[in-house]
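Below, in structure tokens: the form predicted on its own, a single chain.
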């Protein structure tokens, strides 16, 4: 069987059936219709391509605060994709969400089956390696334990800032852990980041890999 990769836009559309995702629109050109639909700043622009799964490594993510910045960065991102030979699906325009960055993942382990991972997310996740694991699906007790096992848990509990909505994070972990029960062919899920604050939590970037059933 072949592997099927879902890049960000497609993966987020899939995940929206289970957990909240940021609002976004995939566009291929800045025509009058698309410009009129973008009414709130700041917003985020991202290259969407299966050839650019780590967008921050190629400067493929931009925060813009005005229409002038949007037009300039939209063209620059198209140029980045062209120079690097990326097969570009379009530029994703997303709402901007502030909060703590969490990584939530699933991996299909040969021994344990589908395993859920939680960690302090963002660009430093590979450096810090501050993560916890449980076999899917998990309970409320498991979710709380995963959070409390993190060395950076004080960031979530309100160190020098407001605490995040831990109940919401627990519910999100439980919902994600149940996805493999309906989709046994799921190989990998990488939500990085899931941004959460004292009120809301939303998927901001995601990638999924399945065994293709065809």
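Residue numbers count along the first chain shown, from 1. What you see is a predicted model, and the numbers here were worked out from it, not measured in a lab.
We do not show the form predicted together with ligand ADP, though everything after this point is about it.
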- Of 94-102, 108-116, 136-144, 78-86, the segment with heavy atoms within 4.5 Å of ligand ADP in the predicted bound form is residues 94-102
- Query: So, 44, 55 and 193: all three within 4.5 Å of ligand ADP in the predicted bound form by heavy atoms, or not?
  - Reply: yes
- Message: Although the partner isn't part of this model, could you tell me whether residue 19 comes within 4.5 Å of ligand ADP in the predicted bound form, counting any heavy atom of the residue?
- Response: no
- Item | Proximity of residue 186 to ligand ADP in the predicted bound form, heavy atoms at 4.5 Å | no
- is_contact(residue 168, ligand ADP) in the predicted bound form, heavy atom dist at most 4.5 Å: no
- Task: Report yes if any heavy atom of residue 179 sits within 4.5 Å of a heavy atom of ligand ADP in the predicted bound form; otherwise report no.
- Result: no
- Message: Please tell me which of 61, 174, 155, 30 lies within 4.5 Å of ligand ADP in the predicted bound form, judged by heavy atoms.
- Response: 61
